[in-house]
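Starting off, we have a lone chain in the form predicted alone, written out as structure tokens.
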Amino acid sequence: MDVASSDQVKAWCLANGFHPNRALGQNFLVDVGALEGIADAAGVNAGDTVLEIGPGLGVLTECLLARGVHVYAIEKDTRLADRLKANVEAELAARGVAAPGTLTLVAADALKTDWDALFASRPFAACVSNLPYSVGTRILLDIARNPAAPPVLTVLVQTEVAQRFAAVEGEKPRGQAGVWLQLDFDVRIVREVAPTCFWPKPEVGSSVVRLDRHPCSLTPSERAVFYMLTKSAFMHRRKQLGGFLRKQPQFPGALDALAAVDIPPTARAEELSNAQWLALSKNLKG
């Protein structure tokens, strides 16, 4: 089967009684240009080891293997994991790939993965994934918040989700997920992917997002304050920070901390830059 052909993907699904599960976010990428664009955006090279979440039918997996990349893939749906294990070598051979990379495929739930153990087991150059729509943000945050996470994360997500990840202070999509990701990564949207590039076709567009790790000056205790502070603030995002923090006993001296870092008490959560969140976290006594 050509996993980049929507007709052949549909035929396989019908022949095997497989119905894409919307609850699992199973929208299969069937556009060669789009998947090559994801691999290009990731910047991975032959010999690199890459983490892939939710390989599905393996279209992105095979693209990476054809480039000589070693892929460690985690697939929750055992039917898809079994299909990929059984067919990947034959499908690559049919495309004339003589020296593909290697595939390690684990049938497991990424939300239940022990990331500490996995990242300690081997060096990952990157994570490259078409993330499931339903749980993609949770998975990405779990990975990105791990100090041993790959230095580059390139993911395909819904466009509105990508905009939240990349939004800076003052922009409407600015929220907790973006602030948390931008703590350790530079986040940028690198390309759009139309709904017609998927089967079944989703109702919304998608975007490729690349995250590149940068240094962070927070100590472990300050980082804990950062997460607690931003989570609380964005749960009450319409409230002014001064009035909100004054009523939070876990943040004593909050008004003095705001003044110390030149943040007006009338500011709201989405108006603060990550640099301001860091400065405030360093000055608060969590």
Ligand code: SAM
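All of these numbers come straight from a predicted model, not from anything done at the bench. Residue numbers here begin at 1 and follow the sequence given.
What follows is about the form predicted in complex with the named molecule, which we do not show.
message: Suppose contact means a heavy atom within 4.5 Å; in the model of the complex, does that hold for all of Thr137, Val152 and Val209 with the named molecule?
response: The answer is no; none of Thr137, Val152 and Val209 reaches the named molecule.
field: Listed residue that, although the named molecule is not shown, lies within 4.5 Å of it in the model of the complex (heavy atoms), from Cys216, Leu111, Ile189, Leu118
entry: Of Cys216, Leu111, Ile189, Leu118, the residue with a heavy atom within 4.5 Å of the named molecule in the model of the complex is Leu111.
field: Of Leu245, Ala41, Ile53, Cys63, the one that lies within 4.5 Å of the named molecule in the model of the complex (heavy atoms)
entry: Contact residue from the list: Ile53.
query: Taking heavy atoms and a 4.5 Å cut-off, does Gly178 contact the named molecule in the model of the complex?
result: No - in the model of the complex, heavy atoms of Gly178 and the named molecule never come within 4.5 Å of each other.
field: Heavy atom of Phe28 within 4.5 Å of the named molecule in the model of the complex
entry: Residue-level check for Phe28: yes, a contact with the named molecule.
query: Counting only non-hydrogen atoms and a 4.5 angstroms cut-off, does Asp77 reach the named molecule in the model of the complex?
result: Output for Asp77 is yes: heavy atoms within 4.5 Å of the named molecule.
query: According to a 4.5 angstroms non-hydrogen atom cut-off, is Val225 in contact with the named molecule in the model of the complex?
result: Taking the distances in the model of the complex, the answer for Val225 is no, it never comes within 4.5 Å of the named molecule.
task: Would you mind picking out the stretch of 68-76, 178-186, 161-169, 144-152 that comes within 4.5 angstroms of the named molecule in the model of the complex, counting non-hydrogen atoms?
output: Flagged stretch: 68-76.
query: So which bits of 162-188 sit within 4.5 Å of the named molecule in the model of the complex, heavy atoms only?
result: Heavy-atom contacts to the named molecule in the model of the complex: nothing from 162-188.
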